[in-house]
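Take a look at this one chain, the form predicted on its own, written out in structure tokens.
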Amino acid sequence: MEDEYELLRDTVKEFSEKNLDEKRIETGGIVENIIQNIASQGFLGAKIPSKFGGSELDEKSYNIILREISKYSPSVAMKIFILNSLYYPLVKNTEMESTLSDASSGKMNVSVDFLNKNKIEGEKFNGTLNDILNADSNNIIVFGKGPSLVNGGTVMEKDFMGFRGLKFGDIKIESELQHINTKVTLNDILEDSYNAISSINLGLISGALDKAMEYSTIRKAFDSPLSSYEPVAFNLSRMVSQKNILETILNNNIDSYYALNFSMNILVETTRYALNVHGGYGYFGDFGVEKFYRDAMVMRSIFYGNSDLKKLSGHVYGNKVGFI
């Protein structure tokens, strides 16, 4: 890795260690001082153009930020992802672009209905948006015939397995629809975000493995550390090698379709095994490993399905594949 990227990685790592209390974020959410800290460092608006107060970083730098922050707080990484990979491409070069200034500074909280649960029509919405992640947002992009912006409303929180640092729930709204004049679709931006998604996956994998490796050297069974038992050592070593392969793929920008497929296929297995290494203790929040498994399950369910496998098949075969 080039010196400038190595320096960025070290900077994000040091910042995360000092400012991202993983247990507090999981239980208390991403509070205002954390938002201001990630904004002041330029992480919140990583890809946003400098004229809107963003850092205007290249793709590799952005992915490093997502990867390193995910090791400490996947919820903070997801908040950054929603703004930079989802919201920004939809308002770019439109009349809504000016909202990026407040969003990148942390003054405005934004979200996108990327679960695509709500089909909005007409000029005004008076009702309930269902299942919105980062639900306490000022501006939310929803989809009908095209993307539209609505103002936030009253949040009715619901339990959600993953990314517990972010509010999740239904939002009661009465708002004018501000139609966004863009040809960009949700499908477009999700496909363009494969490397960013894979970077979050890598952070989850790395964070889980770091905890499992450390625990395996200090936890003893029959007076010997877990790492001295072949099944544990062999499995963790194999998973570390897979993690390093994924990191190499992303660092060299080899192929975003392959990166997503590979990262999704090792994500759940690795985070689950890291939890199991801790035994029953792994299920307690005090050890900080269970969140990686929960968030891994959510990442796979949201961002990986038949539509992505169809895209991968078309990419491999070089054309649109017809299926029986």
Partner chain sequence: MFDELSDYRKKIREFALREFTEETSERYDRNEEFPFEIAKKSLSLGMVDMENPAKILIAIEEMCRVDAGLGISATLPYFGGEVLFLFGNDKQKKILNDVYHGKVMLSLGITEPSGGSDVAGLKTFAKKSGNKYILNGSKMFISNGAIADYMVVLARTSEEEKRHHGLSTFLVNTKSRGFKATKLENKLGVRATNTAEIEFNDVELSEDDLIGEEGKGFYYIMTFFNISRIYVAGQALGISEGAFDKIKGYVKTNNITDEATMFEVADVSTRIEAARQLTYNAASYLFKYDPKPELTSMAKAYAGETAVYSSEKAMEITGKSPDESIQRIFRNAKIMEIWEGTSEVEKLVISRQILKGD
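Values in this document were obtained by computation on a predicted structure and should not be read as measured data. Positions refer to the first chain, counted from 1.
This protein has a second form, the form predicted in complex with its partner chain, left out of what is shown; the following refers to that one.
The stretch among 44 to 52, 285 to 293, 29 to 37, 254 to 262 whose residues place heavy atoms within 4.5 Å of its partner chain in the model of the complex is 285 to 293. This chain is drawn without its partner chain; in the model of the complex, the residue among Glu176, Asp188, Glu95, Asp131 with a heavy atom within 4.5 Å of it is Asp131.
Its partner chain is not shown here, and in the model of the complex it never comes within 4.5 Å of any heavy atom of Met156. None of the heavy atoms of Asn19 is located within 4.5 Å of its partner chain in the model of the complex. Contact check for Ile302: a heavy atom falls within 4.5 Å of its partner chain in the model of the complex. At the 4.5 Å threshold, heavy atoms of Lys243 stay clear of its partner chain in the model of the complex, well away from it. Using a 4.5 Å cut-off on any heavy atom, the residues of 258 to 288 that reach its partner chain in the model of the complex are, in sequence order, Val268, Arg272, Tyr273, Leu275, Asn276, Gly279, Gly280, Tyr281, Tyr283, Phe284, Gly285, Asp286. Expansion of the Asn116-Asn306 CA spacing by 3 Å or more is recorded in the model of the complex, set against this form. Figure legend: C-alpha atoms of Asn116 and Ile173, shown here, are separated by at least 3 angstroms less in the model of the complex.
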